[in-house]
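Have a look below at one chain only, the form predicted on its own, in structure tokens format.
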Amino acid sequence: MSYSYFTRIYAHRGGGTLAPENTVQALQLAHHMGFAGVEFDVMLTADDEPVLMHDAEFGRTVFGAGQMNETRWADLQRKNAGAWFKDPRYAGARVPHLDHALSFCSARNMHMNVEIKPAPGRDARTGELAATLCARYFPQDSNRASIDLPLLSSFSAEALAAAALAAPHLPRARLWRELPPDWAAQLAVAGCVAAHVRHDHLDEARCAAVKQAGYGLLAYTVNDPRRARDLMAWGVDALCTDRLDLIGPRFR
């Protein structure tokens, strides 16, 4: 088993620190800056609509009180996802539907790392619906290389298992803060092609072990160019960064 990433640098949550996260405006910025890959988070609304959102509870990037899994899509559209960013250009940003992100990125050949980030208790359903919608844009095609498909990633094994049932042809990656002792067995059982690990829990030996086992390896969230160069020297395939201004799309 092996996986080669479409691009080496992914814009974290769309625009990193330069645009309100998980918005179409963030994706637009990444594209304008020349990024060929973006990462974003997917949750479900109360009426099972997959949307771009990181936090299960409102208050940080979306003003107001409440929970994602208790909010319907129509009500979510009335909430502001850009005003917190303190930049008048983004004041009117809204929480986008996954369909909006898939449409935008696929039309521009931007590779997508779709992180399935379920609200509590909604792991399987989130994995199923996110994968199903991605498969509508990227149906099974024997002539298409796996690196051209969106990569579904998650901390949740249950979400990835549901995604595998819904769209088995879409590649999957397991997210960890730190590699567990049985990481290779977990990747094999889940049919994953890659491991995504927090960069400060990686060293040269761990990177070598993942690569020797035949898996792809992405490090997150890398914002220091010196650290980025060390990780690449150790064989890390891809990086996810907030600092689009320091670690650009052609960083080496």
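Please read these numbers as outputs of a predicted model, since none were measured by experiment. Throughout, we count residues from 1 along the sequence that is shown.
What comes next is about the form predicted together with ligand G3P, which is not displayed.
Trainee: So ligand G3P isn't shown here. In the model of the complex, which residue out of F138, W73, F155, W84 has a non-hydrogen atom within 4.5 Å of it?
Mentor: For this set of options, the contacting one is F155.
Trainee: Looking at H54, H31, H199, K211, which has any heavy atom no more than 4.5 Å from ligand G3P in the model of the complex?
Mentor: Comparing distances to ligand G3P in the model of the complex, the residue within 4.5 Å is H54.
Trainee: Would L170 sit within 4.5 Å of ligand G3P in the model of the complex, counting heavy atoms only?
Mentor: Close contact is absent here: in the model of the complex, L170 is far from ligand G3P, nothing within 4.5 Å, heavy atoms only.
Trainee: Test of understanding: in the model of the complex, would K117 fall inside 4.5 Å of ligand G3P by heavy atoms?
Mentor: Judged by the heavy-atom cut-off of 4.5 Å, K117 is in contact with ligand G3P in the model of the complex.
Trainee: Using the partner position in the model of the complex, report whether T126 sits within 4.5 Å of ligand G3P, counting heavy atoms only.
Mentor: Taking the distances in the model of the complex, the answer for T126 is no, it never comes within 4.5 Å of ligand G3P.
Trainee: Wondering, does W183 line up within 4.5 Å of ligand G3P in the model of the complex on heavy atoms?
Mentor: Because no heavy atom of W183 falls inside 4.5 Å of ligand G3P in the model of the complex, the answer is no.
Trainee: Is ligand G3P in the model of the complex close enough to R8, V193 and D237 that every residue in that trio has a heavy atom within 4.5 angstroms of it?
Mentor: Not a single listed residue reaches ligand G3P in the model of the complex, so no.
Trainee: Mind telling me which stretch in 223-231, 199-207, 37-45, 62-70 gets its heavy atoms within 4.5 Å of ligand G3P in the model of the complex?
Mentor: Partner-contacting stretch among the options: 37-45.
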